[in-house]
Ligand code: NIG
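Consider the single chain below, provided in structure tokens and representing the form predicted alone.
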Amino acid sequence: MKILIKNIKQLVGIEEEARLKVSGADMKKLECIEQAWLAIEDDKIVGFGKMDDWEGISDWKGLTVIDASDKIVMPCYCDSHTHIVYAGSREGEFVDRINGLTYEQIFERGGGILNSAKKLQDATEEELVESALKRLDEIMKQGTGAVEIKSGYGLSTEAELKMLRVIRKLKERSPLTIKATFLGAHAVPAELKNDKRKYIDIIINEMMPQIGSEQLADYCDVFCEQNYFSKEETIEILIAGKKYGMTPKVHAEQLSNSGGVLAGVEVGAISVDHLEYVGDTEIEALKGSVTMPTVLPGAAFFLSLPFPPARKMMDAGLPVAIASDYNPGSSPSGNMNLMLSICCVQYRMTPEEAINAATINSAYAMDLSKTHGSIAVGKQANVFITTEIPSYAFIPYSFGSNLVETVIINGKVIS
């Protein structure tokens, strides 16, 4: 299978020399080619350049030609933090928050994560697969080509394993590149709310050995937060996860400054996510680390939380990634185009910074930046073509509009 995209108005996010991530002032740089072509063979990018330098086609057999006149071509988004496997919705809690209840108050009366856990435990694997496939199809048509999916709505050995097995089935049935994360430490189940130590022991001594033996998870994550898991507990769980081949991630500094970033840096986490309450101490700790600071604008927007200091982190020389946090309680959207808009409007990120954050840097947060997240020869052919728009800045500018016209995943036209 060969595809030629020609007459591209702007080919965005090109790399002559592949990078793993982009940091600090370099995030303002987004390499593009005006009036360009892009060649794909099988599932890889095999060439690109200016139309003026195009040498034409010698072999037309099996070739699909797409004319992208007045359209933008970009690498697909990499969404490095989602909870796409879930049962049911939680719009009732949305109304509760409008009426004045806080996220913590809703959780204390059995809502939030515990609400989703109850619904998930009652759902079958096939029901979860079918509902998640619909969400994956939705985000794919909005330009996402790779996605991380967490467990964490199980909160029992049986249900957590069920979630991770569902994610394994999604890897087999969806064209998207999918990474799986074990998030057993998302909350303490109601029946053990007075014995968190026992639940941590179940996570480490019961869940992890089975997950490791079936190789169900790429990552291990912990919700490091007041009333959930402390910094010390987070470190203990993540170190245990590493013994079973799970790279650490952390839900960090979402509702308070609780030590999640420091825990993540200490254990070599690939990312620390949320970051609304990050301060100077955390920024200093992240400098020189392997850990990608990841903001989740959908959750901060939906819960009316303080904005994470993305501008301050980038000005300090750090990289920043963007992910959607698609989940039923705090961010019921996986639309990465909308996430770009929120970051540009509320966090004062430039379009260039936001696109880099949602492509190459979010690919890094999934250990995929060698193969995804930019337009480079040899990388996975995951790209999307917009409708006729004036520039890539029009994408975050036109918040709420669907400007993605054609999606190509693994070298195949999907939509």
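We number the residues from 1 along the sequence you see. Here the structure is a predicted model, which means the values were calculated and not measured.
As for the form predicted together with this ligand, it is not shown, yet the points below apply to it.
Legend entry - Non-hydrogen atom contact residue 254 with this ligand in the predicted complex at 4.5 angstroms: Contact check for residue 254: yes, within 4.5 Å of this ligand in the predicted complex.
Legend entry - Distance check, residue 244 to this ligand in the predicted complex, heavy atom within 4.5 Å: Output for residue 244 is no: heavy atoms all beyond 4.5 Å of this ligand.
Inset, instruction - Would you check, heavy atoms only and a 4.5 Å threshold, whether residue 329 touches this ligand in the predicted complex? - result: Contact check for residue 329: yes, within 4.5 Å of this ligand in the predicted complex.
Inset, instruction - Mark residue 231 yes when one of its heavy atoms lies within 4.5 Å of a heavy atom of this ligand in the predicted complex, and no otherwise. - result: No, residue 231 stays farther than 4.5 Å from this ligand in the predicted complex.
Legend entry - this ligand: the contacting residue among 301, 277, 103, 199 in the predicted complex [heavy atom, 4.5 Å]: None of the other options qualify; the answer is 103.
Legend entry - in the predicted complex, segment of 262-270, 79-87, 203-211, 140-148 with a heavy atom within 4.5 Å of this ligand: Stretch 79-87 is the one.
Inset, instruction - Heavy atoms within 4.5 Å of this ligand in the predicted complex is the criterion; list the residues of 311-326 that meet it. - result: Contacts from 311-326: just 325.
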